[in-house]
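Okay, so here's just one chain, in structure tokens, the form predicted on its own.
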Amino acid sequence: MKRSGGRIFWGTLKYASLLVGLFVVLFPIWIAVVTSLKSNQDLSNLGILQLPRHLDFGNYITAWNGGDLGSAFLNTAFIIVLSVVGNITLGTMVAYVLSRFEFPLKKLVLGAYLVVLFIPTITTQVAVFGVIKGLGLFDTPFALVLLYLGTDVVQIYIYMQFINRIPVSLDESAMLDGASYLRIYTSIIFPLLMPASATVAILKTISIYGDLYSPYLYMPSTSLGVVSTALMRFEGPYSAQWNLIMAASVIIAIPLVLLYLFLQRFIFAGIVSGAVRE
């Protein structure tokens, strides 16, 4: 009886915690959707939890046009594609070298990536801004592309974990066939890192998609607005149009959710199943 009672207790606690977690995740989304459907009158007269008297779907049209979201999506997509492709290419190359080769100061190089995590970004902004300005990239999309190209220690470790699971015998067999290190990387290592690259692509895309500080600092022109800075167009010095901000936020969130749903099946896929055959 005691064992049965304990099992019921822990089972109840488990599902209760899951319900609490589900509420914490979905409640902000519910508030955003409800607020996005409120008219200006309902927004001022009703509480934040109250449903709108009349659903105002026109907020989404106004948010799309007023925030120039079409142009913002194009600018964001341009930056994300170039940045993620370059980031994955550099990240896989660095991880390949650190995983497969022994050279002096190897641990120091890996440690340098780790140390960067402990340096506040704000402390380096003056120097970074000077570099971007000196390269003539200020107020251009390539300023952000250059900033986002750099890989970090999280990506390095993700790739290294995957590379360590790839048998070294594949490299040796390719070298016996006359393949160079570049050929081994492009023909063997990189294709087998696709599941890891999907994970890195999701993480990097989310990071770039939600970044407000960098686009605001390095691309101040209105024509170069991205999805994060587009939300600022509905804010004034004394007030904000929260129904339009929430409508724009819902529109902006949809592509990211679809991207995750499309790529998540690659994350846990095996990377070397069938690579070595007896």
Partner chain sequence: MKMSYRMQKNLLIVGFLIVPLALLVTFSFYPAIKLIYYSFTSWDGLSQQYPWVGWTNYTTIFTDPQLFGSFLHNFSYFIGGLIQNVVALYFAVLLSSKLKGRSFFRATLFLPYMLNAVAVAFIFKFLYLDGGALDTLLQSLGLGFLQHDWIGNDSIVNWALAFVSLWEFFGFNMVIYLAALQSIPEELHEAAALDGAGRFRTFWYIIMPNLRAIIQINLLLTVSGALEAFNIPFVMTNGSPPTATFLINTMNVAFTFNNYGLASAMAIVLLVIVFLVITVQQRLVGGGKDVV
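Positions refer to the first chain, counted from 1. The shown structure was predicted, so the numbers you read here are calculated from the model rather than taken from an experiment. Think of the rigid core as the biggest set of C-alphas that the two forms share within 1.5 Å after superposition.
In what follows, reference is made to the form predicted together with the partner chain, a form of this protein that is not presented.
**Student:** Check each of Leu192, Leu170, Ile158, Leu149 and return the one that places a heavy atom within 4.5 angstroms of the partner chain in the predicted bound form.
**Tutor:** None of the others qualify; the residue that does is Leu149.
**Student:** Looking at the partner chain in the predicted bound form, is some heavy atom of each of Gln125, Val131 and Ile245 within 4.5 Å of it?
**Tutor:** The answer is yes: all three residues contact the partner (heavy atom, 4.5 Å cut-off).
**Student:** Partner absent here, but in the predicted bound form, which of 104 to 112, 160 to 168, 77 to 85, 192 to 200 has residues with a heavy atom within 4.5 Å of the partner chain?
**Tutor:** One stretch meets the cut-off, namely 104 to 112.
**Student:** Would you check, heavy atoms only and a 4.5 Å threshold, whether Ser228 touches the partner chain in the predicted bound form?
**Tutor:** Output for Ser228 is yes: heavy atoms within 4.5 Å of the partner chain.
**Student:** Considering non-hydrogen atoms and a 4.5 Å limit, does the partner chain approach Ile188 in the predicted bound form?
**Tutor:** Residue-level check for Ile188: no, no contact with the partner chain.
**Student:** With a 4.5 Å heavy atom cut-off, would you call Ala63 a contact of the partner chain in the predicted bound form?
**Tutor:** Looking in the predicted bound form, residue contacts with the partner chain do not include Ala63, since no heavy atom lies within 4.5 Å.
**Student:** Quick check on Val94: any heavy atom within 4.5 Å of the partner chain in the predicted bound form?
**Tutor:** Residue-level check for Val94: yes, a contact with the partner chain.
**Student:** Given a 4.5 Å distance limit between heavy atoms, list every residue of 21 to 52 close to the partner chain in the predicted bound form, or none if there are none.
**Tutor:** The stretch 21 to 52, when checked against the partner chain in the predicted bound form, contributes Gly21, Leu22, Phe23, Val24, Val25, Leu26, Phe27, Pro28, Ile29, Ile31, Ala32, Thr35, Ile48, Leu49 at the 4.5 Å heavy-atom cut-off.
**Student:** Do you see a C-alpha shift of 2 Å or more at Asp211 between the shown form and the other one, with the core held fixed?
**Tutor:** Asp211 C-alpha, core-superposed: shift of less than 2 Å.
**Student:** Taking 2 Å as the cut-off, check whether the CA of Asp42 shifts that much or more between the shown form and the other one after a rigid core fit.
**Tutor:** Shift at Asp42: 2 Å or more after core fit.
**Student:** Pro220: with the rigid core matched between the shown form and the other one, does its Cα shift 2 Å or more?
**Tutor:** After core superposition, the C-alpha of Pro220 moves less than 2 Å between the shown form and the other one.
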